[in-house]
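As structure tokens, one chain now follows by itself in the form predicted on its own.
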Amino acid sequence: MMGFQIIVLWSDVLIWLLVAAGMGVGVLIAKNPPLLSAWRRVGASRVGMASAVVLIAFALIGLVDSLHYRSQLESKPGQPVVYSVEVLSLLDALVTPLRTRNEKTYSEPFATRLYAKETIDVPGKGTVRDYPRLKYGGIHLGEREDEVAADVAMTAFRAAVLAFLGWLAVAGVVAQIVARDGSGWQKIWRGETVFAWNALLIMLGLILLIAVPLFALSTQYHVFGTDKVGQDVLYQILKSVRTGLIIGLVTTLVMLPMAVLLGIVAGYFRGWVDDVIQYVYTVLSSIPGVLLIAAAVLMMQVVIDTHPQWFSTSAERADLRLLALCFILGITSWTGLCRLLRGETLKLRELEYIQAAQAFGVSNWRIIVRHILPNLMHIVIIALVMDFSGLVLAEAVLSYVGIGVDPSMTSFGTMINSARMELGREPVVWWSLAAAFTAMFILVLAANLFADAVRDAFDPRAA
């Protein structure tokens, strides 16, 4: 009998469908020489490949966090099987120590005691005001709290050596793939390979040298500290990655078909069709975006609150609000791309080969599919990548003002919103905000750098 029950959330379905769609697109690209040539230029970009490694690392965290289940509770023989109401993911299972080792309240990174003094009973001294000892942070040291720095340095050094050995193994395999005559290393480090293996391996090494010691230390300390309820901040960062990826990817794919279809139709057919589409996106652009999103989210929240029977767990409720936010952001963010594609289509339809196709009696939709759309794909791909980072930032802003994801769902925005009050206390609790800001900064920066590489590779004027 299984000790768990598999739970499939709607966002999980969308994420894995995106993975399948990405694999299908990869197959199509491999069969299309122009697209394959453009992506090879992306692969030759050192900045692009370095940022791609970072994005892949975030994506792997999000995928592992998208396999959900409910644990089976203990029951007497003969009684029906009962499952926990808490929905966990494979990531939760892999980082169980981070999830379960909660302290009482705030503690600094690598601290062994709480951040604020409390009245405690000390044997032989009676009742005193002091910083209470943490239940888990640095507990392996016992009374040797003054050895934290040395212990952290030694643990990090051992993990870094292990990470370096793992990186050498990966680099050796890559070198054998590049060249079997023993000159693979020279080709890679001199940049003589078509693919930017040197940038990829350097970034992979940096990630391993940071991630492996970090997680080795996280089994003994709270490396990013704890929040108000004593939860590990590193665990919150890992859980926020999936939320950011869903906001960036699902929202982009919601708005993309509408923007592409309406933009091309408006620019190609012109006349009253163009006037209607322009009127629609002009009116939509005139409405303050935050107010429109807030109204839609609040209405969706009312629907969720009045139908509690729709949800068997709180995770399903939070998931529906997340998807609602994605669709609302998608509906309100397609106007810019639509306007851009309309202008490009107006220019393309006047070119000689388009007019020649019209003169030969080729149907309008065939011209759009065979000639207009392929020449706009570089704009679509660039917008797809660049909008991702903007939407991740938008979620943070919306959650900060209280109209983002469900409060029970961890995200960069909810972490920053919680840190707002922490900055007003004395002493200041700074680590939650710093950790959320740094993680979101790395994700958005990598997305922007990768978008620049894609733009340079797909821009026909740069080819």
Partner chain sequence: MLTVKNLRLGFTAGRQTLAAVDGISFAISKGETFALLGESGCGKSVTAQGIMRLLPAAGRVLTGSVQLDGEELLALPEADMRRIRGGRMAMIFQEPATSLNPVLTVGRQIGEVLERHRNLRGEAATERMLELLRQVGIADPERRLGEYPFQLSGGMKQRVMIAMALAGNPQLLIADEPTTALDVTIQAQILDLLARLQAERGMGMLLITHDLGVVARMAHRIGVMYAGELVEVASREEFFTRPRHPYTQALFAALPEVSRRGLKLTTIPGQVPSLSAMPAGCRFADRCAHVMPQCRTVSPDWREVGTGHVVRCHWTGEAADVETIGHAITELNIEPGRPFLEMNQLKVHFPIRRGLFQRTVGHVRAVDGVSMAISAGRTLALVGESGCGKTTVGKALLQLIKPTDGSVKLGGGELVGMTPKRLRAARRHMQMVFQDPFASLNPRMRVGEIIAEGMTVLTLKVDANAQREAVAALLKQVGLPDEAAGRYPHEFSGGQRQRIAIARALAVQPELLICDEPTSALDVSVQAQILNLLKSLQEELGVAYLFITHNFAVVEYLAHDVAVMYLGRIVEQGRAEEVLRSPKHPYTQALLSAVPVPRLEAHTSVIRLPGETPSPANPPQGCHFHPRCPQAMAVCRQNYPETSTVSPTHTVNCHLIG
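Positions refer to the first chain, counted from 1. Basically, rigid core = biggest C-alpha set you can superpose within 1.5 Å across the two forms. Only a predicted model underlies this, so the values are computations on that prediction, with no experimental measurement involved.
Keep in mind the form predicted in complex with its partner chain is missing from the figure; the text below concerns it.
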Practice problem: Using heavy atoms only and a 4.5 Å cut-off, determine which of 228, 371, 158, 99 is in contact with its partner chain in the predicted bound form. | Solution: 371
Quiz item: Which one of 85, 194, 359, 153 is close to its partner chain in the predicted bound form, taking close to mean a heavy atom within 4.5 Å?
Solution: 359
Quiz prompt | Stretch in contact in the predicted bound form with its partner chain, which is absent here, among 209-217, 360-368, 69-77, 244-252 (heavy atoms within 4.5 Å) | solution = 360-368
Quiz item: Any of the heavy atoms of residue 272 lying within 4.5 Å of its partner chain in the predicted bound form?
Solution: no
Quiz prompt | 4.5 angstroms heavy atom contact with its partner chain in the predicted bound form for residue 351 | solution = yes
Exercise. May I ask you to check whether residue 355 falls inside a 4.5 Å heavy atom distance of its partner chain in the predicted bound form?
Key: yes
Quiz item: Is there any non-hydrogen atom of residue 378 lying within 4.5 Å of its partner chain in the predicted bound form?
Solution: yes
Quiz item: Would you say residue 349 moves between this form and the one not shown, meaning its CA shifts by 2 Å or more once the core is fitted?
Solution: yes
Quiz item: Fitting the rigid core first, would the Cα of residue 96 be found 2 Å or more away between this form and the one not shown?
Solution: no
Exercise. Align on the rigid core first; then say whether the Cα of residue 116 has moved by at least 2 Å between this form and the one not shown.
Key: no
